[in-house]
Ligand SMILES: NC(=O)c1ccc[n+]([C@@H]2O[C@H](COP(=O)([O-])OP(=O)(O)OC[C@H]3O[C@@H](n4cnc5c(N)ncnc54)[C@H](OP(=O)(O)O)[C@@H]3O)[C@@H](O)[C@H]2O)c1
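Given next, in structure tokens, is a single chain: the form predicted on its own.
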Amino acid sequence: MNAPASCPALAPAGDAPAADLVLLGCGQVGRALLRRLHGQPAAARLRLLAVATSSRHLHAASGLVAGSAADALDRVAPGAAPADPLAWLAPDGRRAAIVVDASASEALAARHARWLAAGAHVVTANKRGLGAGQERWLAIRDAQALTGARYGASATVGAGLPLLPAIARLRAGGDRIHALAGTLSGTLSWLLDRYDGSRPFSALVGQARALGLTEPDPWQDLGGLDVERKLLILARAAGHALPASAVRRRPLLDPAKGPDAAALDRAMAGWLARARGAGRVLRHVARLDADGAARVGLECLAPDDPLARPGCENRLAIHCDRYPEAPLTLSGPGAGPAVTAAGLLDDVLAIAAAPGAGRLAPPPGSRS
């Protein structure tokens, strides 16, 4: 819906904006981004035109106040499908037009390439874009090349950690990245850091769910699909054009067995016994080997392995020419709405500040 003139979410007139934004997804990450937009002086010249979920949307041509947009959206009657964000943005070369996808929607990720090809920049925390099948990844890459639109994906892996920017800088300097290894799930790292056999693993899963550390269905976390998508994103950024079928994923529990707590507890007790018997620690690891083999699953790591340190931080070891003796290892908080929102805003601000961000190549068929 269009916001009425009396809506408290309407922004007052001000200086000409450097970029127009549309936010898709108003869950925990989207709301955290709105709070950051409202409180960051650097965001003062970003104009928020619309906020939308799968069933509601709020739009104002003059802009919305980020600090009150979420509450205003909650008061919109559900039911109407949101309009195409390009109708709100209308990229015309006067300023950067940015679609921010803070959802986990398959349907939205399938449209990223079309938005780029139409001249809009895309900033996303949605791993179903670059972490999907090869066809979608190539479509996103080709659309960027066609118009020069930028695709900000820093928040798709490691949330606020600069994992993708670090890989990009290494490659821009001519480095070759041979292998990658990481603990990329904050949920699984939290669980394994606390699992000592004193209580069933399924009890820890229940505790993590109660704390809001898992997906609404925690069995999705245990399957490792989210980590598989992150590994695909990292590997492709590092120059390895992996198809999704190349990743060998071993879930903590056979998905064919369904949410079977007893089976999960037996399987995890066996893993813990094997790790302790070998003097090792249990971690959930995503790996791309030098021969191109990719896998995701539990591993028993030596205590001095960079990925074996205690805690639930995300970690990534990058094996490349520049660091031949030991991998470059990045670590830090890599999960949670606040750090994910920070990663999104970093990408938005970088695009808005880039020279010529609004002057993209005309889409095919348009008048120059």
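Sequential numbering from 1, following the sequence displayed. Note that the coordinates shown come from a computational prediction; the quantities given were computed from them, not determined experimentally.
A second form of this protein, the form predicted together with the ligand, is not displayed here; the remarks below concern that form.
Although the partner is absent here, G63 is not a contact residue: none of its heavy atoms lies within 4.5 angstroms of the ligand in the model of the complex. Interface membership of R236, defined by any non-hydrogen atom within 4.5 Å of the ligand in the model of the complex, is ruled out.
In the model of the complex, the ligand stays beyond 4.5 Å of every heavy atom belonging to S331. Mapping the unseen interface onto this chain, G67 falls outside it, with no heavy atom inside 4.5 Å of the ligand in the model of the complex. Heavy atoms within 4.5 Å of the ligand in the model of the complex belong, among the stretches 276 to 284, 155 to 163, 138 to 146, 261 to 269, to residues of 155 to 163.
Taking a 4.5 Å heavy atom cutoff to the ligand in the model of the complex, the contact residue among L49, L37, I318, A52 is A52. The contact residue chosen from Q220, S105, Q134, Q207 relative to the ligand in the model of the complex is S105, the criterion being a non-hydrogen atom within 4.5 angstroms. Along 115 to 135, a non-hydrogen atom within 4.5 Å of the ligand in the model of the complex is carried by A125, N126, K127, in order along the sequence.
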